[in-house]
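Have a look below at one chain only, the form predicted alone, in structure tokens format.
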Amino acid sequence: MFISSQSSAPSFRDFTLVMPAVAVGNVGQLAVDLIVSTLNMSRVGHIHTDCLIPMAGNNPYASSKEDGEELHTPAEVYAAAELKLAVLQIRAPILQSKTKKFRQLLVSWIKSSGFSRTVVLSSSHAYQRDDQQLQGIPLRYLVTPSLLKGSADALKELGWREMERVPAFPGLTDGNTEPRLCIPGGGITKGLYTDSCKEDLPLAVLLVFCSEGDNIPDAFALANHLNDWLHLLDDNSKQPNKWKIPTSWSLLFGNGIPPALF
């Protein structure tokens, strides 16, 4: 359930929604961090649900001491009205027994809010790529039939590569078995895409093949990939492809090693 932090509920009619999938390397979440921080988006509400591990913390996008004292929750919504852009940031893992319920909640909220399109930023295990997925850049996309109707020309101009379907049983050739969509390490990505196809939702998935570790370069690659399509940084007041790193990133790997140890 969406709960507004303003006196009146914001309208998302004809907005583009960008959200991450909790996936390998947390690349989608890091990319969303870059978007919220760079565009200085305002928090307009949060998603209240028992599907996420409950947690709270300080403002990850704090620019002053006063801002840093704000309390933030696992699933928050930010907006930039001038760009007709909304962002859902998810900061906590989804409870394994409630992934389907969470997908249903998201689909219901997206439909009721009137978003013109939804873009899911995700990632997949690089070491589980099929042979054909080793070719070219490690970025792929998926798009539902509903969104393809109005975006086919734009996607064609971008020259992106669609996520390949792989054999159901790798290494075996069986003419009776059709290739399937497989996104190992992608969390709810595949399920949310499949649900959106069934519900006729205009949704796209942008993902990167990666490994666990320092995934900041992957986040920049994914954010730049999204910017090529949505032109988030093409405003004259901003330098192209210059993302602002949020203050919370300074603690991604914890504090430094105490000199007293040596």
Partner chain sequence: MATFFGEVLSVYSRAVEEDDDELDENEEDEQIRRELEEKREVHLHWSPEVSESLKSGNKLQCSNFVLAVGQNASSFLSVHILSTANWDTIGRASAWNERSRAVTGQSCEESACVFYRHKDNPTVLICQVSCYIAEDQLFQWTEKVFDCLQHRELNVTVLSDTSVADYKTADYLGGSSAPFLRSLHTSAFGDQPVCQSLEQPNIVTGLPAAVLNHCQVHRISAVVYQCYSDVIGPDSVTMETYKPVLTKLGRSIQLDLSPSTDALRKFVRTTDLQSNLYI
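Positions refer to the first chain, counted from 1. Note that the structure is predicted; figures quoted are calculated from it, not measured.
Although it is not shown, the form predicted in complex with the partner chain is what the next lines describe.
100 is the sole member of 165, 149, 111, 100 with a non-hydrogen atom lying within 4.5 angstroms of the partner chain in the predicted complex. Of the listed positions (107, 95, 139, 155), a single one reaches within 4.5 angstroms of the partner chain by any non-hydrogen atom in the predicted complex, namely 95. Note that among 34-42, 201-209, 55-63, 224-232, the stretch whose heavy atoms approach the partner chain to within 4.5 Å in the predicted complex is 55-63. Contact check for residue 250: a heavy atom falls within 4.5 Å of the partner chain in the predicted complex. Residue contact check for residue 183: one or more of its heavy atoms lie within 4.5 Å of the partner chain in the predicted complex. Contact annotation for residue 120: none of its heavy atoms lies within 4.5 Å of the partner chain in the predicted complex. With a 4.5 Å cutoff on heavy atoms, residue 213 counts as touching the partner chain in the predicted complex.
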